[in-house]
Each structure stands twice: as C-alpha cells, then as structure tokens.
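In structure tokens, one chain follows: the form predicted alone.
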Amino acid sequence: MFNAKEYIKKQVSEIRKIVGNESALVAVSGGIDSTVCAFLMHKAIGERIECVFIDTGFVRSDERKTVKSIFEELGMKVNIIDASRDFIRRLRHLKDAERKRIVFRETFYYVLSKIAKERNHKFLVQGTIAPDWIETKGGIKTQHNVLSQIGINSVEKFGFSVIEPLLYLYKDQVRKVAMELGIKQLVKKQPFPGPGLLVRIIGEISVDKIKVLKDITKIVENELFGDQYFAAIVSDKCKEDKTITKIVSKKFEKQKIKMKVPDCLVTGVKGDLRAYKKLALLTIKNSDLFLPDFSVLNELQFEIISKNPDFTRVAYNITEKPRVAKYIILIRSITTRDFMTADVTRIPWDELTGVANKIMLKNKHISEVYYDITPKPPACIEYE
C-alpha cells in the first residue's frame, strides 16, 4: 500500500543528502508531476531552488499566465524562459514522430544547460514518472525527460546531475503525494505532455498547424471531460482504403461508408512493441452523419486493427463540410487510472457534435472533425 506521507519524508531526506549546500534548477510545466517535484525540493532545500518554465512554442496559448498564476497561488516564484524560436526553427518541417521527439529533447536540455551554467546550478530536477521511462526503454516512444535510463550521462553532456523524485511512481500515486503536500488544486488538472502540442501535430510541423491547434485546443478543453481530453491536427491529404471499407460495409449495409487514410503515421503499441502505423478515418452516413453505439464502434475498431496490421488507430467522423480545406481535427478523450492503459470516454454524441461544430466555425481551413475511438493499447494516449 502506497503511503504518501512516508514517501515525502524519505524523498526530502534523500534530496538533502544529494544536494548538500548546492542549488538546483527545477523544470516546471504547470502540471502535477513537475509541481510536486518543485514542492518536494522547496521542502528539502528551501530558497536554493530556481523554478523555470520554458515556452517551447508548443505550449497552450495561455500557458505562461496559467503557470505563473499557479505558482504564485502556491507561494512560489517561477521564471518564464521564451525559447520558442529555437524549438520551432529546429522542429519545423520534421515529419517522423521519433525524430521530432529526439530533436525536442536535445533542444530542451540545451536550453536548460545554458541556464544552469549561467546561474551555477549543479542539479536539474524534473518530474519523470514510471510510464515515461517504461515507454522509452520499451522503444514505444521517446519521452523527452528520460536520460540516464537510456544511457545518456547528463553531467558529461549537459553539465548537471538530474534528480527525479517521482521516478518510480504512477500518476495516481503522484496525485496522492500532491494531496499530502496540500496542492489540492492540481489533483484534477488536465494532464499536458512535456513536448506539448508537438505530439498532437501529426506529420509535418508547420507554424500554421501550431496556430490552428492552439485555437482548437481552447475549445476542446473548455467543452469536454475525461481523465485526459484534447485535440490533434493532421493535414487533409488522404487516400481511400477499400479493404477497410468492405469490413465496415458488412456491418452497416444500409449506410454509405467512407474510409480515408492520411499520408502520415501515428504511434501505437501492439504487444509490448512500438507500432508506428496508419490512422483510419471512418465516416458512416445516410442522409445525416450516422452515430452508432459506442460498444458497436469499439468492436469495429478492434476488428479493423486486428485484421489490418498496418493500422493502429481508428477515428470516427462527427461532422464535415463540403469545402476545400487543409486540415482535419481529431478529438481524443480517455478514462484511465495510471495512464498505462486507457479506455475511450463515452461522451454523448450531441455534446461531441456541438464541440465539432464550434471547431468548424472557428477555422475555415478545417474540413472534418473526428472522435478517436481507440483505447490504449493498441493506440497510445498521444499521437506521436
């Protein structure tokens, strides 16, 4: 049985032994993991910590203000570092998911190493948790905050030692630690990945995609619910897949079936292995868009993926407009305990349709909105 009080006591003692009289840099995102780390460090060594939030250009549009406000409310100061130009310059035009994650990691630690050297911090503290290094070591996807576990010596490469107080905890355990520390306002805060919107831009990175997704993210986060819920964007460059169309047509004989496949891949997991495979975009309709029961869609996505090893995700069309457009939006909402596995949130169709219509009205360059109906596994929670 996990005891948060004992865990805090042990970590504070270990941090004091490790840091001694030195100072530490704490990389915070405003999320629960890094904020808990900041609180543990403050409890252990007081004002000898410096909390920094790096604006990578892939954060939500109001993230700077939100993070600053959270830390002020909790009685701590955070310095905002705008490194968005560096990140976007290095990542622009990249397509492959793993390549994007690795470039993001290198840029992230390059920025932090500069700050640490300038201010003579010997330690970097970050909120790495168990799923981060498990997925990275398993080859499923590179988490940007995993170093020593994959053989990267942070002292040699970046000039600081890394402290990870939450390394062996899962998300539900981190929440218990937060409650024990008195950070109750963060327990139900929407999770947000370290690389931010980078892992929700499927395929090639562009400045325009980032801008569109920031606007749409606001709508989705304000309107929906679940343990995690968000939007992703993909270019509307698709081909029809007749094999999957036949599978779906057998189940829905009276409806018109349309199956599209984008010209880029998404990250999933099959067995314990990474599956960088195709995304199936499914439309079933007669006069209006057809909205079947979630249990039917769950069976359908299972059949599509199990019979077609080249696919790892299925998304279902909520709304569309007959117009020439550049982008398709995917909505994802999941329920989970520890983020190692996840089910699709069964949001009522009228609510999903309402959100989709708001998205379509927000940007004329969006042609369709889909709801991701794939659990984890075989999909990951994020897209890249």
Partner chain sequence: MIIPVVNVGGQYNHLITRVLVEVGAESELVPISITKKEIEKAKGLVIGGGPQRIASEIDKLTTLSALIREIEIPILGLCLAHQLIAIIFGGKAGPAKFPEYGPVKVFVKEKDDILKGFPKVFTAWASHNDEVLSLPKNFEILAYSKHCKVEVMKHVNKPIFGVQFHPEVSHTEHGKKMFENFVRICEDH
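Positions refer to the first chain, counted from 1. All of these numbers come straight from a predicted model, not from anything done at the bench.
Beyond what is shown, the protein has a form predicted in complex with its partner chain; the following relates to that form.
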The one residue among 225, 302, 290, 110 placing a heavy atom within 4.5 Å of its partner chain in the model of the complex is 302
So its partner chain isn't shown here. In the model of the complex, which residue out of 55, 351, 338, 62 has a non-hydrogen atom within 4.5 Å of it? 338
369 to 377, 356 to 364, 7 to 15, 20 to 28: which one contacts its partner chain in the model of the complex at 4.5 Å, heavy atom to heavy atom? 369 to 377
Can you work out whether residue 164 and its partner chain are in contact in the model of the complex, taking contact to mean some heavy atom pair no more than 4.5 Å apart? no
Touches its partner chain in the model of the complex: residue 135 (any heavy atom, 4.5 Å): yes
Does residue 240 reach its partner chain in the model of the complex if we count a contact as any heavy atom within 4.5 Å? no
Indicate whether its partner chain has at least one heavy atom within 4.5 Å of a heavy atom of residue 116 in the model of the complex. no
Taking its partner chain in the model of the complex, would 69, 149 and 187 all count as contacting it (heavy atom within 4.5 Å)? no
In the model of the complex, residues of 1 to 15 near its partner chain [heavy atom within 4.5 Å]: 1
